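Presented below, as structure tokens, is a lone chain in the form predicted alone.
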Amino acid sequence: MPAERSLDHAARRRRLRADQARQLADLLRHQILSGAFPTGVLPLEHTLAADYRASRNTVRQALDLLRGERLVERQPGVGTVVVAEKYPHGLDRLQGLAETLHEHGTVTNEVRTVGPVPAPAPVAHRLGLPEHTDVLYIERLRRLGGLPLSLDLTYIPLDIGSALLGCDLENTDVFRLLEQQTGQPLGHAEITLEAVNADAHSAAVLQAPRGAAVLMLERLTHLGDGRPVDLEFIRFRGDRITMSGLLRRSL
């Protein structure tokens, strides 16, 4: 019995340290993404341990978690350095990707597919169209600073979308083109955000490991008069984007 109690105590200590490491990793991740380490180098382990009142083992485990996320690396003679940058994508304003990330560089679009296709039943339903109605389908790989950021699949009613075929889809957000072609502003969008595993095609296009988690944003955008005009399925590389917004409580 004493031996069993000793093993149980050791297991509880390991679980406690793992919990504390995860909590510390969450705090450090926020600090990294908010630019709290402008030199790109994290404080030394003993400094982090003192600042966060954690043991050195807990600090090491937390840094291991962040290394596993490819946020930081250990460089001999330097210390733990930030090696990945995540770009902030706001969820409280209806903007195209280039508008959202304009402060971080130029967003370019590789148009992989564009043309009319019969709308799958769920797409036709979401866009308020009869089944099998043709819609404009656009598939784009979007890059920021030359690095793959998202794979966007877009469906647009053809009476509007046909005018986009002659537009500069490589350098212009679809949102801006929709407003230009319809002569009215976009109004609102319904969004769903979830994590999904990258299929083989998405992983290859995004240059991400097959099966890696990606952020899937499903967005149905309406014109100012309420008409649904743009159904998108956007797969973001989770290691290059962070979603944020301002929420207000109302009862």
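Quick note: we count residues from 1 along the sequence shown, nothing fancier. As the structure is a prediction and not an experimental result, all values here were calculated from the model.
Keep in mind that the form predicted together with a further copy of the same chain is not shown, yet the notes after this line are about it.
Contact annotation: a further copy of the same chain lies within 4.5 Å of heavy atoms from the stretch 132 to 140 in the model of the complex, the single such stretch among 132 to 140, 156 to 164, 75 to 83, 101 to 109.
By the criterion of a heavy atom within 4.5 Å, G211 is counted among the residues contacting a further copy of the same chain in the model of the complex.
Taking the partner from the other structure, a further copy of the same chain in the model of the complex has a heavy atom within 4.5 Å of a heavy atom of G238. a further copy of the same chain in the model of the complex is not approached by E45, whose heavy atoms all lie more than 4.5 angstroms from it. Contact annotation: A54 falls outside 4.5 Å of a further copy of the same chain in the model of the complex, judged by heavy atom distances. Taking a 4.5 Å heavy atom cutoff to a further copy of the same chain in the model of the complex, the contacting residues in 20 to 54 are R22, Q23, D26, L27, R29, H30, Q31, L33, D51, Y52, R53.
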